[in-house]
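Below you'll find only one chain, the form predicted alone, shown as structure tokens.
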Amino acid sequence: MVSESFKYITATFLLVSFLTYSLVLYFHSPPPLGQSTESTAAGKLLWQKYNCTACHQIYGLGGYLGPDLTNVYSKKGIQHIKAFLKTGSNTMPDYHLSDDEIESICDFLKVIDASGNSDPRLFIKNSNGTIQLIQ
């Protein structure tokens, strides 16, 4: 039979461990994801304003009508992105964006692109919950 003091010691240890780990996570900021600028921030706000995630994904999260745009900057290039933003397509409406707005969205997509890969088919899930890139 487990003694009452052992239960209290175990509970105290778990509580102190949880609080310590929480404080470590809280006070250590994540590393920056590239060169964030005012233009990048404006691009993110435009992304939200026009509800781009209704059709597109970033990091595999979002809609499925359009492609995942996490790595579109490195795969297709800035001219391809600008052409779509300027004129739209059969499935993507023309939002009549200004050149500054198009530049801001491109800057936002460039920072997202530099942060990593998104295609879940390129990763395998390990038994401990981590993932690794398929070689």
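For clarity, every value in this text was computed on a predicted model and none was experimentally measured. The first residue of the sequence shown is number 1, and the count goes up from there.
One more form of this protein exists, namely the form predicted in complex with a small molecule; it is left out here, but the text below deals with it.
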Any non-hydrogen atom of K76 within 4.5 angstroms of the small molecule in the predicted complex: yes
Contact of S98 with the small molecule in the predicted complex (heavy atom, 4.5 Å): no
4.5 Å heavy atom contact, F84 and the small molecule in the predicted complex: yes
is_contact(K44, the small molecule) in the predicted complex, heavy atom dist at most 4.5 Å: no
